[in-house]
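Below you'll find only one chain, the form predicted on its own, shown as structure tokens.
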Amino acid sequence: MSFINNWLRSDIQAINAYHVPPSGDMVKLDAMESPFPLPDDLIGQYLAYLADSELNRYPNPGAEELNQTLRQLMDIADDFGVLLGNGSDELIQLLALACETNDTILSVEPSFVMYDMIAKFTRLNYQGVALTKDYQLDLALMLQAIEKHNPKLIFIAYPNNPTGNTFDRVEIETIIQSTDAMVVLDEAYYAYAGDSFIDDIAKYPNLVVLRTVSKIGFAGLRLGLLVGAQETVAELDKLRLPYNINTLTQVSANFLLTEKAEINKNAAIIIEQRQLLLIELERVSGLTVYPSQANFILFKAPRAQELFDYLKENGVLIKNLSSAPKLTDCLRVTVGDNDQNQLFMQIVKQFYTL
């Protein structure tokens, strides 16, 4: 046995690393990124803004200016606390670190894989609760699982990844009211959803909301935020590593995230393109297309693996979920710009006429 295999925890050896496939020069529609680069007329201003960064100094430890920038962008009330993370993943891990060893994290399945992975990293138990066959909440099953497993954390992605749908608001509120667990509404795709639980934080002390700037055009910044009651955020801040938001992220975000009109305009384009893409996919015989309130669409396809490979061969990369539990023959495509979506549909139609 090698040194590392002898040294490393056996449960870590048993899991696979989070895999990001190489994309090369392909049209990248696999990771829910925005298709819109920085406008040309902002590039010079942005570079000048960066030039004043003091990279020989540690970042601002509390990132107070960035906190205010995000509050204004997302209309977050002053009454709520905001905790910043190096992407939402860091905040999910921070919440897990607040638990006792062998506490339980509960979520629905299928959903974001990091809830399960981070539970393993932090020696917590993970319990998944199956969605219905059309990927809706099974409220009775959720309440039964909450009573049986007494979770410390409940993660609900809203909209859900990878299915794209939002869940019934009343059912989510029933879950929040049924438990002493911290209920985490993961609103990574808030800009495309038309609904949010962020204002409900005032009603429910056990509710926090996660958001990210990754899906609204700034995945490269690796910036997430947790919104909750002031007291909750103050306690969780004890677990945040010092200087976790680097200087370039802070400076970049304080410049780029003030372009609220541009960000909202791009989100509106994605919502429009999503509807057009849904209609086009539904016209392809044999496909089952699921409703989406996110910036991606899940669909079930005959010969899913072959279609995925054919798209790759023709320069388009999407996400193949066909071998995952409860997602047999399912593929997920990010909504791109009009040209990218048209290219994707052209290849899909070609495949099914071969």
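Model, not experiment: these values are computed from the prediction. For every residue, the number given is its place in the sequence shown, counted from 1.
One more form of this protein, predicted in complex with a further copy of the same chain, exists but is not displayed; see below.
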Hey, of 284 to 292, 320 to 328, 57 to 65, 298 to 306, which bit sits against a further copy of the same chain in the predicted bound form at 4.5 Å between non-hydrogen atoms? 57 to 65
Find the only residue in Phe121, Phe255, Tyr126, Phe80 having a heavy atom within 4.5 Å of a further copy of the same chain in the predicted bound form. Phe121
If we test each of Glu280, Glu259, Asp89, Glu109 for a heavy atom within 4.5 Å of a further copy of the same chain in the predicted bound form, the one that passes is Asp89
Is it true that Ile4, Leu239 and Gln340, all three, sit within 4.5 Å of a further copy of the same chain in the predicted bound form, judged by heavy atoms? yes
Test of understanding: in the predicted bound form, would Gly220 fall inside 4.5 Å of a further copy of the same chain by heavy atoms? yes
Does any part of Asp134 reach within 4.5 Å of a further copy of the same chain in the predicted bound form? Heavy atoms only, please. no
Partner proximity in the predicted bound form: Leu70 to a further copy of the same chain, non-hydrogen atom cutoff 4.5 Å: no
Although the partner isn't part of this model, could you tell me whether Lys312 comes within 4.5 Å of a further copy of the same chain in the predicted bound form, counting any heavy atom of the residue? no
In the predicted bound form, residues of 163 to 182 near a further copy of the same chain [heavy atom within 4.5 Å]: Asp180, Ala181, Met182
